[in-house]
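Here's a solo chain for you in C-alpha cells, the form predicted on its own.
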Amino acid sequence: MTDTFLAGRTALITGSTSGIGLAIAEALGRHGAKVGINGLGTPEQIDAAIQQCKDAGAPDVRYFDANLVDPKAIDAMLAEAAQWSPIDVLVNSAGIQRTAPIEGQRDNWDAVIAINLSAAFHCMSGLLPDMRERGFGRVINIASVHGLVASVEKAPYVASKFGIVGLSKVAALEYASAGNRDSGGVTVNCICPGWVETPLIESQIQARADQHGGDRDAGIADLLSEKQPSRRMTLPEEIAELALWLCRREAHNLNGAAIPVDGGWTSQ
C-alpha cells in the first residue's frame, strides 16, 4: 500500500507538463497530495499530464496557465491557487537552457534568468509567508550541477542556477525557525541534477549522436564521459523520489542544502 503521508497537503509544481517536473507531480500525487501543475505544452500534452497525475493517485489535479516570464501572471496564478487550496509544497522546476559563447548569449540572457531564477523568486516570496503561518512548508528548487560548477557556453544557465542555490540558502535562513518538529517546519532546498534524460537536453544528445553516425547510445556515452563518472543518466523518477523524501516531516532539519545527483561529477 502506498504511504499517503501527503494526504491533506497541496503542491504546486512549475514546469510540470513534462520531464522532472511531471515526475515529481506524479510522485507527490501518488502519496496523497493535491497537485497543481504549470508548464508549456499543447492542450493534448497538458491534458495528458493532468491524467498522468490522476492515474498516479492524486485526489485532485488543476492546471494553472501562467507565463512565468511575467511577474503579474505569477501573482495571478498564486492567487488562483490560494483560492483552490493553501500551497504546502512548492517545486520550482521550470527551466530553459540556451548554449552559445558569452558573446552569443545577449538575446538569451533575459529569458533564461526570468524562467530559471526570477520566476522561482516570485513564487517563493508569494508562498513562503503562508507556509510560515501554518508551520509547514516545503520549497524544492530544481537547480542543476551547474549551480555548483560551470561549463562553457552556458553563461545565462549557469548564472541562473548559481543564483537559485544562493536564493534558496537565504530563504532557508529566513524561515528556518518557522514551525517545529511536530509540524514539520519550513525548509528550502535545491536538487542539483547532472545529466537527466529529459527533453531539455535532447538537442545535446542528438548533436553527439550525429557525430557517431546517428547512434543515440554512443552519443549519450560520449556526452557523459566528459563530466559524469558513473556514465549513467539519472531518470526523472529518481529525482522525484528525492523530492518526495524532502517533503517528509523527518526532513525538517535538512534545510538550505544543494544536493547533487550527478554520478560523481562535482566530486572531481
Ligand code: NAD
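The first residue of the sequence shown is number 1, and the count goes up from there. It should be emphasised that the depicted structure is a prediction, and the values quoted were computed from it without experimental measurement.
The protein also exists as the form predicted together with this ligand; that form is not presented, and the subsequent description refers to it.
Consider residue 144 of the chain shown here, and say whether it contacts this ligand in the predicted bound form, taking contact as heavy atoms within 4.5 Å. Yes - in the predicted bound form, heavy atoms of residue 144 and this ligand come within 4.5 Å of each other.
Please determine whether residue 19 contacts this ligand in the predicted bound form, using a 4.5 Å cut-off between heavy atoms. Residue 19 belongs to the contact set for this ligand.
Is it the case that residue 137, even though its partner is missing from this view, gets within 4.5 Å of this ligand in the predicted bound form, heavy atoms only? It does not: once this ligand is placed as it appears in the predicted bound form, residue 137 has no heavy atom within 4.5 Å of it.
So, residue 201 and this ligand: in the predicted bound form, are they within 4.5 Å at any heavy atom pair? Residue 201: contacts this ligand in the predicted bound form.
Heavy atom of each of 11, 35 and 61 within 4.5 Å of this ligand in the predicted bound form: None of them does, since no heavy atom lies within 4.5 Å of the partner.
For the interface check, one of 127 to 135, 101 to 109, 78 to 86, 188 to 196 should have non-hydrogen atoms within 4.5 Å of this ligand in the predicted bound form; which one? It is the stretch 188 to 196.
So which of 150, 96, 113, 170 gets a non-hydrogen atom within 4.5 Å of this ligand in the predicted bound form? Exactly one residue meets the criterion: 96.
Given that this ligand is left out here, which of 48, 235, 218, 40 has a heavy atom within 4.5 Å of it in the predicted bound form? Going through each option in turn, the one that passes is 40.
Is any part of 153 to 184 within 4.5 angstroms of this ligand in the predicted bound form by a non-hydrogen atom, and which residues would that be? Contacting residues: 157, 161.
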